[in-house]
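Quick heads-up: the structure tokens below are two forms of one chain, split into structure 1 and structure 2.
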Structure 1
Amino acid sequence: MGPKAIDVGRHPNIELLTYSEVEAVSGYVGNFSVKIRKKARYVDPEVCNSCNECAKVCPVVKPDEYQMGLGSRKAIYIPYPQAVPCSYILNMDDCLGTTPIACGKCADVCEQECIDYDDRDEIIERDVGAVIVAIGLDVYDPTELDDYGYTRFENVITSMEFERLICAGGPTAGHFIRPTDRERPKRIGFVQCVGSRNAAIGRPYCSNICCMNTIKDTLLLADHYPDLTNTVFYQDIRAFGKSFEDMFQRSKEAGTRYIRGLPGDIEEDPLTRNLLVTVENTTTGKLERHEFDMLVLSVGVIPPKDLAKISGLLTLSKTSDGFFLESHPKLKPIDAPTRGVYFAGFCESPKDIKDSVCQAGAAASRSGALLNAGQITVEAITSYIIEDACTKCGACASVCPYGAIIWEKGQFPVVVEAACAGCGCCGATCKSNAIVMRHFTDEQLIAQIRAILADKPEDKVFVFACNWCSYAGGDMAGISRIHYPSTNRVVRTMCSARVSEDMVLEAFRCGAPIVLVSGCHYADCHYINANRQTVKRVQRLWNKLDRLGIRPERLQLEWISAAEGQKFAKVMVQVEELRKKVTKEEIEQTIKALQEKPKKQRKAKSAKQTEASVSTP
């Protein structure tokens, strides 16, 4: 990593801002404006020659975060040996005082005179065309799951701490010793999947890197200390990368014992401080006891703590495991749903160095292609505002998942077409019908509803299906030759959030016995989180139907993914069953209940839309 970081620091076309934090991002693809806080370092990195004289005289000793607390640092320090820029930094929270009267020893000895106690944070702004999010990961904290005695037994350490203990640049200069007696351990146990693949603690995903990291560690130990015995407790060894299986075999050949089963109980021998591990070997089905000098917990990875902040700044969303949601898991794994934003590395999903490098290269290429083109093609399906009808309420701006509608109180909202992805949520939300969604106008959709239900509506189940998932789920059911009732009639919208309350009510007004609104699962929403508005809307409709004396069960909501042909068919069977229970009298009563309040407003609005759609771009 060191040489790469140095290259970046020296590159004439790269401005490297370290010890800085993004405070705000505004704008859209090609036109982002980023506000950055450059934190005060109290040391001028341009002048500092890393002579270490300041650290020598600093009286403050603190645990070194880079050494996982196994070593110490001073209040003025270099964060890690190959840090770029290679300059000291003064941690003011640790420093004894900001005036030379309190301490000031470091400034006294600094020949370069590069220490400035009056340094302050600086806010800078940069205009950028694309953003690559590469905020990395955090490591699982095993204190949460104390089953393995991490907080109770000193000789139970994490894989990160182990890494520092065997590193030549580590706190022991690479001499491998155990914490309690500083002797070299002879029997090492590794416990896999600590904080990974554990639904009970809300982390059901595989962290991807831990198996290979442990295999690497066993090979390293076998190479350096042939007298040492290694035992690995695992659920499954996942060695699926290039040459990884070979490494796994070499580890076994080097004498590492692999025991399938995770320890159930760990005790410490009070005399020797050795660790006694009870484990059910799931291969033999027998309960075993093992004694180790040291136990290494192979800790998993978790989404970085700053992820929530960055998702707020860039309107990104998360998958159920907490990592960033990509534009498409298979076809656009580098792109964020927000145009002009790309992902690299762990923040998108757990991955090893090679995959991170691949993704980083791809993200650089994607943004390079975007910027070099100099222009972008906007989506054909975007929305625009009819100012004559707009009441300036701003509801559209509040529901846009992309922040593509700019609105200020008392002003007409403005759609930034470069940022609009075309979900149509704004159009369905607008109460005054002042938004037209190109190619999916209210007019067009209402016309489809009326045409479908013009003849024998009582025999039909009316379905709104989103383009990306449920409609494709219907296709999947078809190509998989799955049988389901032929009574359904589907209207496709780009997103389920495009379906307005009025469209659903219009279907009932036209005599639909059952209306189904279907969309993508939460994690799959192709418009970040637009389908959450669908849920809110359907919820309101259920309440409304109830009040009007219409059975709310006649409106159904389902999430069907493109792969769920089976589910699509199952739902069609279920809604057909519901349809059979709706009588003609019930339909007539519904039509009457809904016609009691004629929708003058809608008619007026659709007239405006027709006018506008004829005359607009």
Structure 2
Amino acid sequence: MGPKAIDVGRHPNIELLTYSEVEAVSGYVGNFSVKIRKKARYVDPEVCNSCNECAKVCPVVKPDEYQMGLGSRKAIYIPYPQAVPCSYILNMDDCLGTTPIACGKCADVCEQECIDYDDRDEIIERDVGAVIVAIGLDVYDPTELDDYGYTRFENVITSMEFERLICAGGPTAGHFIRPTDRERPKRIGFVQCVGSRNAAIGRPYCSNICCMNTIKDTLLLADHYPDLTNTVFYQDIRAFGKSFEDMFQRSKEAGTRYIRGLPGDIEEDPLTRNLLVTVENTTTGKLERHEFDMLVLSVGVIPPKDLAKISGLLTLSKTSDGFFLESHPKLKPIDAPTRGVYFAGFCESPKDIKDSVCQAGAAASRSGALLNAGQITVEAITSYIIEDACTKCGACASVCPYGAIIWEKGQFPVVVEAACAGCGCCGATCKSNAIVMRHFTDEQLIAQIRAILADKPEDKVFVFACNWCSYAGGDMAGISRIHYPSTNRVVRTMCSARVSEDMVLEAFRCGAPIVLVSGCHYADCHYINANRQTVKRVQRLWNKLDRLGIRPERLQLEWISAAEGQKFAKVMVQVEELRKKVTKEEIEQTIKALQEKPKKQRKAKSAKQTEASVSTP
């Protein structure tokens, strides 16, 4: 928020709701309903003129969160400079209140009479066509990793605290001092990758911005304090952006010393409060000891704390790093798996300001194109329900990752086609065969299984591959000219969750020695979390095969991404080795065991699917 926010607030087509949070989101693309809690400010922003008289008389003093606790604020305060609106907020958790002991000093001195102790939160609702998620980031707290003495030594600070100390709007008005003696430091050390690229604490990723932030800080110090000495301890400097390498070279030319290696031991001189740092310089292979007045920890960034809440509100999925998962990393880097939802900024992945601005512009363009279209085009792979076959059990609604099936007890479920992405999870779950997936009907997939295994099935490995990852992984293997056995026969489905138990059993019934079900990585499903149903289904199949006397290992489950052509080839080699160990006698026994299933059920299913294919809307 800042000068740009003022322009946004003045735009006639933009409603700016500050000090508010989204509580619930329902609906689907083009028809979202958003419930917003507008928090009580206890100060009327339209009347308040920011005279500061209320803050002068407020007796409460609290650490200022914006100043990273290095400064203080009152119970009634402006959250930060250039806040929009530029008016005071009364924090009731800090305020002494009016009962049991009346304070009321701020209201007594307010000439505008804009303070209302009886103000309450307000719930408002808005209907929107698209949602842009731009919830920002959080900063890693180094108290978890206290190897560098952040909790033990006062002169060890984070890069965020450094920014506040050197900023003109900071607690020291831009006069750079160290916390212990309030004197200007002469020697400063910077430690990179604190909380980043460290699998031990669950943050194996690079935070993207830390290297260049430190380089910027060293240039800033060299410009304002030429007599100051800077030393940077790093693993490697990642300066890949436009003109970033030039900044790195200017920093070195300004006198900053860069040492490849992270400190192993930090001590404090009890008299001078200086910091003694021991580090192995991996370039020279020597153990070095340095003394600094202040040590700055370049902390990484982490997914925002509200990410889990927003994920639940909008049915979004996360990557293994904890950030939001986009619909496709190359073809749809802005889109969420939920249609009509777009990402902007750090919530999707670590990125700098330039990339965040680019993504924000792209998200605005995508949402604008959606809203201006007037009508939504849906790919013809959605599901529909045959009411005559439906038992109204609601199982389909419970597994839909998009909430695209509306169901009430005793009623027929209704598919909202605008929200349906065509994963097929509902079709594979339905026990009464009442759900038909357009272009991926049970009848079509069963026909493919029978055709593939009609001739010499014992020589083939049958593979179900999801469209977005595993099938694309096979393409990558072919494009990369990676050799693997030619015995596999692949049937494409939109998602691994589309593969029902009957399809797998039909493949075994037709003589398949090995069946492989393959999909997106468990935490990176293209359809949010549909492949979790795949896992449950395969586990049930393993138990069923075991009860029938069929080796469960003949059914394999693998996660292969679109970029893992090499892994696709490796898996094909492994399943081929398994195929060679399956004898004809074992295949015949499997067929016999599975043929004991009542023919009545198979005939009923075939009839329903035939009826569905004829009457497809």
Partner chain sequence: MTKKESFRCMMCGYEFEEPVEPGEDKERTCPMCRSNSIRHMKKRAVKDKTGESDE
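The structure displayed is predicted, hence computed values, not measured ones. The term rigid core refers to the most C-alpha atoms you can superpose between the two forms while keeping them within 1.5 Å. By convention here, residues take numbers in order along the sequence of structure 1, the first being 1.
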property: Chain form predicted together with the partner chain: structure number out of two; result: 1
property: Exceeds or equals 2 Å, Cα of residue 80 between structures 1 and 2, core fit; result: no
property: Residue 335 C-alpha moves between structures 1 and 2 by 2 Å or more, core aligned; result: no
property: Residue 502 C-alpha shift between structures 1 and 2 of 2 Å or more, rigid core reference; result: no
property: Rigid core superposed, the C-alpha shift at residue 522 between structures 1 and 2 in Å; result: 2.4
